[in-house]
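Heads up, the chain below is alone and in the form predicted alone; it's given as structure tokens.
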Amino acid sequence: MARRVRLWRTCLNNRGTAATVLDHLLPINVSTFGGDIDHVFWLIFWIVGLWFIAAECILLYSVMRHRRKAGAVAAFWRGDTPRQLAWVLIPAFVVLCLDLGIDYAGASVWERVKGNAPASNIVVRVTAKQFNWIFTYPGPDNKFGTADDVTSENDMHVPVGKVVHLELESPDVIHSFFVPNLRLKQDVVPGRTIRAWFEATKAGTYEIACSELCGFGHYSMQGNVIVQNQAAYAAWVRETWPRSTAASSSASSKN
């Protein structure tokens, strides 16, 4: 509780804006497309929030203004007149316009995230299974399923400032790959290879969670995206990968 109070005081003292306070309610964004997703999120929040408050105020006013009184008879309006219909059609039209506005704002973000991914030489195969994450890197031949593949359990190392392509698969049940800091969430469906991508903008360690209830050990299905600067990532490659593979991958990360 004390931490939350300090956080609110810090936000108000530093900039004194509602936007600053609200920004701290979300995990820190460290992806190139995260800001666009946050924009859509807050757009929906404000539209729905303000509409909710307005509707509740009108409802409360109507309850108090037209509450039961001695001698007063309730009216039953069926919408037979233009004035009565306006009470239904005007709010419906406003809601439709707001919904179309949200769709318009979200469509461009959807196209950027789910459309054609930027080119990249870094590809990681993500296997989600009860109850951990397996990350596989291709070898010098840049093909999966060969002898020089490198596998890591629950920790995925990537370089900062580089586009990373993911190939998500599952051998058992439906999982969901969720990295809040990257604003990346993608279901993983058995029998399918689903592609996703991201570009991290800040080095650090960011939690991976499974956001699909996948069994009794669902709560323990956690991992980390370890975003490293170029030197640290190259060092990890040299230490972990076969020598010939390390040289190839290090060169790829510099492209």
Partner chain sequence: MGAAQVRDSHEQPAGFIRRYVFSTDHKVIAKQYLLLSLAMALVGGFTAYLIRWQLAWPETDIPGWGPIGPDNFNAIVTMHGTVMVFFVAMPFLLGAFGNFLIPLMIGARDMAFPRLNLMSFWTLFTASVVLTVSMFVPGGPAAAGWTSYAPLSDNYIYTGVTWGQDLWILAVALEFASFLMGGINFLTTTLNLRAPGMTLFRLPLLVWMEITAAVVFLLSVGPLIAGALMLLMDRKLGTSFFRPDGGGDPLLWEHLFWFFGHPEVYVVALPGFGIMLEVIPVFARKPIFGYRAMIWSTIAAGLLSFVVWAHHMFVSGMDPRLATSFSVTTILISVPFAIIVFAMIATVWRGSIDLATPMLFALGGLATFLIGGVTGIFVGSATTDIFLHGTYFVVAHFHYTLFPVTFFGGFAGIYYWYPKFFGRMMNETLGKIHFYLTLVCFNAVFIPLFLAGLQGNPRRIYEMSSYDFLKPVQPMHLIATIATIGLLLGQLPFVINFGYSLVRGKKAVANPWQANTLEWMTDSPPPHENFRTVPIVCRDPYEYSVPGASRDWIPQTEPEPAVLATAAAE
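Positions refer to the first chain, counted from 1. What we label the rigid core is the largest C-alpha set whose atoms superpose within 1.5 Å from one form to the other. All values derive from a computational prediction rather than experimental measurement.
Omitted here: the form predicted together with its partner chain. The next part is about that form.
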| property | result |
| --- | --- |
| I226, heavy atom within 4.5 angstroms of its partner chain in the predicted complex | no |
| L25 within 4.5 Å of its partner chain in the predicted complex, heavy atoms | yes |
| Touches its partner chain in the predicted complex: K129 (any heavy atom, 4.5 Å) | no |
| is_contact(L89, its partner chain) in the predicted complex, heavy atom dist at most 4.5 Å | yes |
| Residue among R183, K162, R125, H157 with a heavy atom within 4.5 Å of its partner chain in the predicted complex | R183 |
| Residues in 26-54 close to its partner chain in the predicted complex, defined by a heavy atom within 4.5 Å, in order | L26, P27, I37, V40, F41, I44, F45, V48, W51, F52 |
| Y61 C-alpha relocation of at least 2 Å between the shown form and the other one, rigid core basis | yes |
